[in-house]
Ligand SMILES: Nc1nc2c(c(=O)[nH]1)N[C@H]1C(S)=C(S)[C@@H](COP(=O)(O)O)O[C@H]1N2
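Take a look at this one chain, the form predicted on its own, written out in structure tokens.
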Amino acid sequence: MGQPVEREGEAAAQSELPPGQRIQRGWPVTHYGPVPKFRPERWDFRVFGATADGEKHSWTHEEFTALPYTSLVADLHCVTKFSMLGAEWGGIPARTILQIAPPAPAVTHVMVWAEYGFSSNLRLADFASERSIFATHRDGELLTAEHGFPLRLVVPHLYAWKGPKWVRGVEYMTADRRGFWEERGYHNIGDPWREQRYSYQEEPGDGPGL
């Protein structure tokens, strides 16, 4: 696995910060609810909803982690206003899932489902970004349980809540539907460069009604 890319100084890092963010040294633990216990014999990853073939698809943990592995360097921007720059994420690209279990032509959004029924909705184009990755590793090391092991979604161009920890599956949708935090006052899209933090900032077309 590759090494993280070094940044040259505070000024360079500062230039990559979205509005209202601050540089974070280290990686704080932020989540809602308890940390789930990983049971590999019970774990699976599912793709369902409006699939191209109308079928549900699933992989065991062994099968999922055998999918082609890649790594990329990307920043993580938390809606609580800290940004972690230049982390190396390793795992399975979201595009790989779209290729092996393609959505129906009418699909416009996905719902990413995680343990305890937690969810986050994404536009299909955001999910399909070449930089969206189902991460198993950070900086060459397996994720810790507190940071989402065995699997978390990283969507670098959106706030971090759009990439849930402890992911268990993806639902293909032909219309948008708000996820867990989006139903509780967070912005439906979550673009950090536009500071789309809360639902009261939404403009017409940004999401379904609350």
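Numbering starts at 1 and runs along the sequence shown. These numbers were taken from a predicted model, which means no experiment stands behind them.
FYI, the form predicted in complex with the named molecule isn't displayed, but the following is about it.
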property	result
Exercise: residue 172 in contact with the named molecule in the predicted complex, heavy atom 4.5 Å	no
Contact test in the predicted complex: residue 161 vs the named molecule, heavy atoms, 4.5 Å	yes
Residue contact check: residue 168 to the named molecule in the predicted complex, 4.5 Å heavy atom	no
is_contact(residue 30, the named molecule) in the predicted complex, heavy atom dist at most 4.5 Å	yes
The named molecule in the predicted complex reached by all of 78, 114 and 152, non-hydrogen atom within 4.5 Å	yes
Listed residue that, although the named molecule is not shown, lies within 4.5 Å of it in the predicted complex (heavy atoms), from 177, 157, 61, 147	147
Stretch from 114-122, 100-108, 67-75, 129-137 whose residues place a heavy atom within 4.5 Å of the named molecule in the predicted complex	114-122
